[in-house]
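Read the single chain below, which is given as C-alpha cells and is the form predicted on its own.
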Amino acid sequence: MISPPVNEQELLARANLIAGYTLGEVASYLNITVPADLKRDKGWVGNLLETYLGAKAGSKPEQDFAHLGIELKTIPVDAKGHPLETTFICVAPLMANHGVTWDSSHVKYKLQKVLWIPVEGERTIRVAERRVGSAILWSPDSEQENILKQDWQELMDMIVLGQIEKVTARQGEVLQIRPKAANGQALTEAIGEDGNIILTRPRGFYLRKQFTADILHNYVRSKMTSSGS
C-alpha cells in the first residue's frame, strides 16, 4: 500500500512522475493485472491511479485526498486531448435536501480543488498501452463557479419541487443530471409532483465535456505561453 501524500507538492510530484507512461507500466509497478477492456471494469483506470497516488477515500462520499482538500478525476481523452465522456461528480440528493445550499452542497465540495489526470481513452488503443497525460491541479475561478452554482440551483429547484422526472441531460450549461446506476432496474426514493414519495432511477451530477475540455485546453495554452516567455 502506498501511503497518502503529505502535501499538495508531493501529490503533484507523484502524478508528474507517471506522465507519458502507459497504464500497463503503472499497473506493473503496482503488481496489478490490466483488464483486456473496460466494459466490465469501467472504474479501473481511476482505481489504478488512486492506488498509485495513495488516495484513501475509495467509495466514501469524501474527496479522494480529504486531508489536502483535493478530488482526483481521471479523464479519458482522444488524440487531440478532447474529453471523450462527461465527468461524474457525485450522486444527486433526491431526498432530505431541504436547506441544502450551493455552499454546503456536495458538488461544490467535490469541485473546490481537482487534480485532473487525462488518459488516452480511444478504444482502438489497448488498455495497457494507453498513456497517462500531464496532471492539472485546478480550482474553479469566479466565473466558472457562478455558472456551476446557477446550474446546480436550477436543477436542485426542480428536484425539491418534485420535478425529477422532468429533468433531462439537456438542462444546465456546464452541469447536468443523468441517471447513475449499475443497471436500469436500480430504483431509489424521490419526491413526486404531488408531494408523495415515488421510486425513480438514481441520478448523478456530471460535468459536460465542453467544460472539462476548456480546463484542459486552458492549461495547455498557459503552459505554451509560459514556455514562450
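Residues carry their position along the shown sequence, with the first being 1. Note that the structure is a prediction, hence the values are computed from the model and not measured.
The same protein also has a form predicted together with the DNA, omitted here; what follows describes it.
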Can you tell me which of 81-89, 140-148, 96-104, 154-162 lies within 4.5 Å of the DNA in the predicted bound form, counting heavy atoms only? 81-89
Option touching the DNA, based on a heavy atom within 4.5 Å in the predicted bound form, out of Gly69, Pro35, Gly192, Gly43: Gly43
Would you classify Gly133 as touching the DNA in the predicted bound form, given a 4.5 Å non-hydrogen atom cut-off? no
Does Lys209 make contact with the DNA in the predicted bound form, using a 4.5 Å heavy atom cut-off? yes
Given that the DNA is not shown alongside this chain, does Ser28 nevertheless sit within 4.5 Å of it in the predicted bound form, heavy atom to heavy atom? no
So, Thr51 and the DNA: in the predicted bound form, are they within 4.5 Å at any heavy atom pair? no
The DNA in the predicted bound form reached by all of Glu62, Arg123 and Lys180, non-hydrogen atom within 4.5 Å: yes
For the heavy atom contacts within 4.5 Å of the DNA in the predicted bound form, list the residues of 184-212 involved, in sequence order. Gly184, Gln185, Ala186, Leu187, Thr188, Arg201, Pro202, Tyr206, Arg208, Lys209
